[in-house]
Every structure is written in structure tokens, then in C-alpha cells.
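In C-alpha cells, one chain follows: the form predicted alone.
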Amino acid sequence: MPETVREARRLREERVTPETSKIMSAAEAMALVRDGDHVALGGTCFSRTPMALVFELIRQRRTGLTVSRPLASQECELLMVAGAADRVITSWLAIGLRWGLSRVLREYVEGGHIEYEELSHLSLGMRYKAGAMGVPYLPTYTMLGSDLPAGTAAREAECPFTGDTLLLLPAINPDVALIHAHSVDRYGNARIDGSTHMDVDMARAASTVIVSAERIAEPEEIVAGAASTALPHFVVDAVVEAPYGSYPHDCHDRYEADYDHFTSYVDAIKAGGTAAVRDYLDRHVHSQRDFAGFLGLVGAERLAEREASARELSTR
């Protein structure tokens, strides 16, 4: 991660991402991630998580990663247990209310296996925003009066205009941002349908941006729907075609999350602890050549059911 905001700005300004094809495999794209990098993950909770990229990152056995994400979910549990992440920055880590808080997180924090920095959801967004703006911090009132700031890099300061106490939230400039989009052209112009969550600021703050997408579109199609183009080509470094690339999480208007998959996963953890997560990784990640192999285990019928559920939701 760049040592200063000025260094991060300089690196972004000096980068040249020519309008040439950036399409590559997930394995080639994840080779851009180095041990010890700060990796920011797009989407939020189980919405539009870049699971195909996360699986490949784990398969390549990266270590020492700092992982940040608004409302982290199953993907962070997998990264922790795989030994890829030793620091997590987020405002929540669990699949969702139905499945309870993360038992994996509790075990890894209490056991001293990872460093955990918890922020409010707004505060994390402001840290990405500061990174995207190229400023060292943004001031706010949020989190003041709670015990959250004590466990973060934030600092209190007196406002020079009002005399109020403010919380200064330092910028986050990730080494790499992993984003899953609905479609992207070969140059890296990426379209996201529905909420973009914090992805745009996250990408603009990062030194390297890797976009997976449900499909590769022709540039003319992206231009025709320019209003939905969340990321322009000059922000993106690598493009990966990944149909169902968020599964078992959802991708707005394409397929719904697989709640039964989540329940089986959580029930296994309740019964066997983190050993169940290792079993999950062995079966779904390490025993498969790529993400397509994992989807093959799931089966076309189950994927079609998730697509049908998403269509039902969008037409109500």
C-alpha cells in the first residue's frame, strides 16, 4: 500500500492504461496481487461479491493480505481460514442476520490469528472516498461518542472554524480493488446495474483495479448505455469474464443468492468449527481447476433456479 496519499496520487497519475484489450484469465489477473497487499473487495454483504476472483486468489495461496470491504461476508471467512488474510477492515462480518454473527471471525480475533479493525459503514465509505479524492483524510461527526474509534486509525481534532470535536478518518488507498460487474468491454469500461455500493470510490482509490463481469460486451453496447458505466477504461487494469462470478452470492437482476448454500455452510461450521471451512475450501476451491469447476459442482439446474428467482423479484 502506498505510504502516503501523495504517493498514491502520484502512482495513479503516472499510470497509463491504454485503450487496448485487457481481457485475461482469473489466474493471470490474480497474479497481479502480491503477498502483503491491501485488497479491497467490491459489493457489500452477499451482493455482487467478486467470488470468482476471491476463489482464484485463495487458489494461488497469497498470504499476508489486508482485506477491506463494506459489510464483509463469507468471502472474508474463506480468506482468513485459507491463511490469505491476516488483517480485516470492515463494518460487519457475517453472511446475514438469518445466519447469525460470524463464528469464524470470533475464533480468529480471540485467538490472535488476525487483526480486526471495525468501523461504522459510513466511516469506511468515507475512507474510500478520501482515497478517491486524493486527500489524506475526511472529517466527520460519525462514531464520536462510541468506543469504535479507539480500535481504528481515526483521530480526534478540533475544528478550526467551529471549535467542535471532529473525527478525522484517514484515506484508504488499496493496492488492489476486485470488482464484479454486470458487463465490461475489452478495454475495461464496466457497467454495473443496480446499486454500485462503494465500488466507484474503492476503484478510484486503488493502485490496481481488476474487474470480473458476467459477460464481455462490445464497446458499442457500453457506449449506448453510458449512464450505467460505473468505471471507465482508464481506471481498470484487468478484465476477467466470469459468468455467475458472484455465486453463491447474488448479482442484481441476474441471479439471487443461494440461501440453502449459505445455510449448509453455516450449519457445517456450527457442527465442526473452522475445520468445516477448510473442508469447504478443499472441495470447492483447491480441488477445482477454476471457478467453472466449482459451478459444475453446483449444477446448471440450481443456477437456473437462482436466475428464475432474480427475474421473479425484478418483475414484481
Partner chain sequence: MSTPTTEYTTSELMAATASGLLEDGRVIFAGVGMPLVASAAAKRSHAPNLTVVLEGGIIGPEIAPGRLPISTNDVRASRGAAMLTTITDIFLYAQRGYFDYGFLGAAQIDRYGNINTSVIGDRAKPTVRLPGTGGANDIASLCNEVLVVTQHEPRRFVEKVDFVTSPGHLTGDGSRQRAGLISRGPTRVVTDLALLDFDDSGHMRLRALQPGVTVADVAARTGFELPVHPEVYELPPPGEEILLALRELDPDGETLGE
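Numbering follows the first chain given and starts at 1. The structure displayed is predicted, hence computed values, not measured ones.
What comes next is about the form predicted in complex with its partner chain, which does not appear here.
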(request) Can you check 23 to 31, 275 to 283, 41 to 49, 57 to 65 and let me know which stretch has heavy atoms within 4.5 Å of its partner chain in the model of the complex? (result) 41 to 49
(request) Verify the contact flag for Pro243: yes if a non-hydrogen atom of it lies within 4.5 Å of a non-hydrogen atom of its partner chain in the model of the complex, no if not. (result) no
(request) Look up in the model of the complex whether Leu97 has a non-hydrogen atom within 4.5 angstroms of its partner chain, and give yes or no. (result) yes
(message) Even though the partner isn't displayed, in the model of the complex is Tyr259 close enough to its partner chain, meaning a heavy atom within 4.5 Å?
(response) yes
(request) Consider Glu214 of the chain shown here, and say whether it contacts its partner chain in the model of the complex, taking contact as heavy atoms within 4.5 Å. (result) no
(request) Name the residue from Val135, Leu122, Cys159, Ala224 that puts a heavy atom within 4.5 Å of its partner chain in the model of the complex. (result) Leu122
(request) At a 4.5 angstroms cut-off on non-hydrogen atoms, which residues of 95 to 110 are near its partner chain in the model of the complex? List them in order. (result) Leu97, Arg98, Trp99, Leu101, Leu105, Arg106, Val109, Glu110
